[in-house]
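Each of two forms of one protein chain follows alone as structure tokens, named structure 1 and structure 2.
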Structure 1
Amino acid sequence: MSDPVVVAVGATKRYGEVLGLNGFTATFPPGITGLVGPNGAGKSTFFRVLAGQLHLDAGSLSILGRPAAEPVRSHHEVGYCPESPALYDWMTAERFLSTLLRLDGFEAEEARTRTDRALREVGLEQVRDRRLAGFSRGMRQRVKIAQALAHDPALLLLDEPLNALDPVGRVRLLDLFARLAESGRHIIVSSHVLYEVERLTDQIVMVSNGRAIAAGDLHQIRDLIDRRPHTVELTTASPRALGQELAGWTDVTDVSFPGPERVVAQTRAPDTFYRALGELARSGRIPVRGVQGMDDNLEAVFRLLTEQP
């Protein structure tokens, strides 16, 4: 297995009495990893610590094998797109990117070339001479992404990168991130809009209250939670008969009827449940027209892990 890109061990960050990170422990493998969790879960704090903008109170973080406390060495290889819309508003888009590239240590000609390319990549080449103060939120978002990738970093930290973008822009940037990953970049991308992350990767770290509550492949995480109640919606012409049947199964904890021809069952053992359901369908005793696992998306997994209703 390849070396991890980022390793966090017991990372703790306090804001006074509030814990931004609370013993955050996780390993981020190569490729794209989604950092998912609700607002205030600690995603941005984690990114800002990685970017060297916040200092840990306890624990440790390493980026590409180096301690995160070595910003000069790490930052050549890290591109950070912060959630905050802060830019140097008095500059034009071109000068802004060029200045940051000079701060990265690129000589003037190289900085110009990279500025051109980055502006092209995010679709801002037409407004390169406009001052950033006049940019819309979506345009500012794209400038932030451009500055994060312009210096060709090995690792991109993208904090809610799709905020304020229109649907077309979102799709195109998701495509851009996927291509960056294909070309060997590692990306850690956060979002509280779970379907966006789901479109990018199956590799996720779920965070809640400053802690990593689950990490790994989305399907593996689902396996981990299979011991917990799992909700399945069944479509049938005989809901009463199916409900009675399901209620008799040992691992089914709840049966409800949310609508005509629909039965929702909750089970503690999905594997056993699906096996028994297959046998029931094959027997033909009760016709079942449709089966929909209601926990098949990231949102549901997250709800289960955080025990939200």
Structure 2
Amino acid sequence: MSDPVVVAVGATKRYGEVLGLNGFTATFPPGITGLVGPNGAGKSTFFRVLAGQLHLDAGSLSILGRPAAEPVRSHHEVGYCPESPALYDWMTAERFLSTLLRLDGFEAEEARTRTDRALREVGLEQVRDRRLAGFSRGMRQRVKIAQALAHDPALLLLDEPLNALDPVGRVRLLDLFARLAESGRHIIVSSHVLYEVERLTDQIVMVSNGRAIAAGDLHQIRDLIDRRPHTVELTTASPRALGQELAGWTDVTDVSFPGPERVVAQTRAPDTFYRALGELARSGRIPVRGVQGMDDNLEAVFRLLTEQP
């Protein structure tokens, strides 16, 4: 397939006096595309419109060559993994997926077959009978992805799927997304951290204040990001040990301790930093429970882009 997966022209969505989307215009090619922007930029609003949960107030949107207004599209062609970690905690993983499939109109036997397949795809078949209340953040993310996959959509919408995950959990999900793309699915994955998206794809759309401000090859804007120090906040039970480790890395320019179990590092080479952090997490020498890229530097790049004539 060489035609665009999604085409938005002047897409506008209002929440009273607030514009969630403000003339959003962008084309999303086949494969994986990263939707990158700071929190509150309009990424979730765009996904909810694509998923059929919201309707545009102005502009147009087509999905897989057809207008987004066609209702059959949201059930059969689009799978949506929302940002919120909320689930029906009293259900098991199997019951959760099969219930949603039945609500989508699948017969009981077909729902069971699809549930089994989706749980295998995300690596949760061994915990299918456990209640969701006992799932970790990473496992909950995989359950949400499984429900988005279960009806075999052509397009997957993944809204901040890596948010608040530990480094190992991030690596596992990134590997999963790559496998899904190799199987022929198209994916739009949102993030407010550019470097999370880079491992998956070179194709990005950057959004700020409800507008697409840059699109295309990621490497065309990398220099704008890399000229500025990149700030990363880490959560760990051993902040001093982690800080000492990070201070020894060549491209780390500053390490601080803003609070208990928190370490903030600045790096001139985010690519190298995140790769080294992944290796550190795999080694188990120093436990890292959370990683959060800060918005400040990305917003500075957005301001620079929007100021250009």
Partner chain sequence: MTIAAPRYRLTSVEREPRWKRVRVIVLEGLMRRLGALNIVLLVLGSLIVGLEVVLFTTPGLAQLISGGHGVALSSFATPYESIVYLLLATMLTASAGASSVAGDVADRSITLYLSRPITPADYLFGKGAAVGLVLLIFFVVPGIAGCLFAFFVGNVSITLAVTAMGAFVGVGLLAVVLLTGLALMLSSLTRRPLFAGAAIFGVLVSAEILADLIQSATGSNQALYVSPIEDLLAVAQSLFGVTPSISATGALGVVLGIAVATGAVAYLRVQRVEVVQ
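Each form is matched to the other, and the largest set of C-alpha atoms that superpose within 1.5 Å is called the rigid core. One-based numbering along structure 1's sequence throughout. In this text, all values refer to a predicted model and were calculated from it rather than measured experimentally.
In this pair, structure 1 matches the form predicted in complex with the partner chain, whereas the other structure does not.
Once the cores line up, the CA of Thr236 ends up 2 angstroms or more apart between structure 1 and structure 2. Core-superposed comparison between structure 1 and structure 2: CA of Gly10 displaced by less than 2 Å. The Cα position of Leu19 differs by less than 2 Å between structure 1 and structure 2 after fitting on the rigid core. Superposing the two forms on their core, we find that the Cα atom of Trp90 is displaced by 4.2 Å between structure 1 and structure 2.
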